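So this first bit is one chain, no partners, the form predicted alone, shown in structure tokens.
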């Protein structure tokens, strides 16, 4: 099997099969979460739930994305907050605001959006790769994180890192022919799509649920989320 055939398979039937598995798996996880229901609120609210939700999202996504409110938590392991925040930011910029990925999204959902210039996306991709390396090294040397790191955590890191590094190598024509890097990039994406519903990486979907629930709970108590 030559490289062109492998690329056609990786971009075609294998990609769409992995994508269907991803969608079905995430829908299943979503249904299971929704089916848990929401306990009836027996106490009279002392504040506004909607305001609590807004504050929760603002604090989680804008005000405190890199630094926690508790200084002691940051002092114990600042790499988790700084590198973790930079990684998530770079992933969003590359996957959503990169022109090449936007065109893929457009082919799937039928519309596109403005993107950032390639140098900015490229720079953020490098930042994300460095941040991921810092996170895995921190996991291996930090006494507490080391105990919390098992095979699943290493695979989570690996299956996210491979698409990022192969995409960066492909953009810069590094080490291997472009077509070979394209095959590696697509296959790593396909593996990631299958892995996400089976792993904790699926947390990106439930982040919005948790932020909403926390906001409602704090808002009805008129407390700060």
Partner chain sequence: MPDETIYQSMKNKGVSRRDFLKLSGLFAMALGFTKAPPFEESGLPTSLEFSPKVAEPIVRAMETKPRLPVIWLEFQDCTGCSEALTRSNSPTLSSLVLNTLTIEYHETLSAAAGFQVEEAKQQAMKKYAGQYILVVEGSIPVGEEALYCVIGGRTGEEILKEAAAGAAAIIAVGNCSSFGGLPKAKPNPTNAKGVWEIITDKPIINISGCPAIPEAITGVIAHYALFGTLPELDGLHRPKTFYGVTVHDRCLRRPFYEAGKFALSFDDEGAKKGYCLYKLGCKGPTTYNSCATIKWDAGLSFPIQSGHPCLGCSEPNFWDGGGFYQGQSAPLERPEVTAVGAAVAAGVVLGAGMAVANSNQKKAAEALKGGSK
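Because the structure is a prediction, the values reported are computed rather than measured. Residue numbers count along the first chain shown, from 1.
Just so it is clear, the following notes concern the form predicted in complex with its partner chain, a form of the same protein that is not shown.
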Proximity to its partner chain in the predicted complex, single hit among 154, 140, 126, 100 (heavy atom within 4.5 Å): 100
Contact of residue 90 with its partner chain in the predicted complex (heavy atom, 4.5 Å): no
Its partner chain contact in the predicted complex: residue 130, any heavy atom under 4.5 Å: no
Proximity of residue 104 to its partner chain in the predicted complex, heavy atoms at 4.5 Å: yes
Any non-hydrogen atom of residue 95 within 4.5 angstroms of its partner chain in the predicted complex: no
Interface residues of 18-35 toward its partner chain, as seen in the predicted complex [heavy atoms, 4.5 Å]: 19, 20, 23, 24, 27, 28, 31, 32, 35
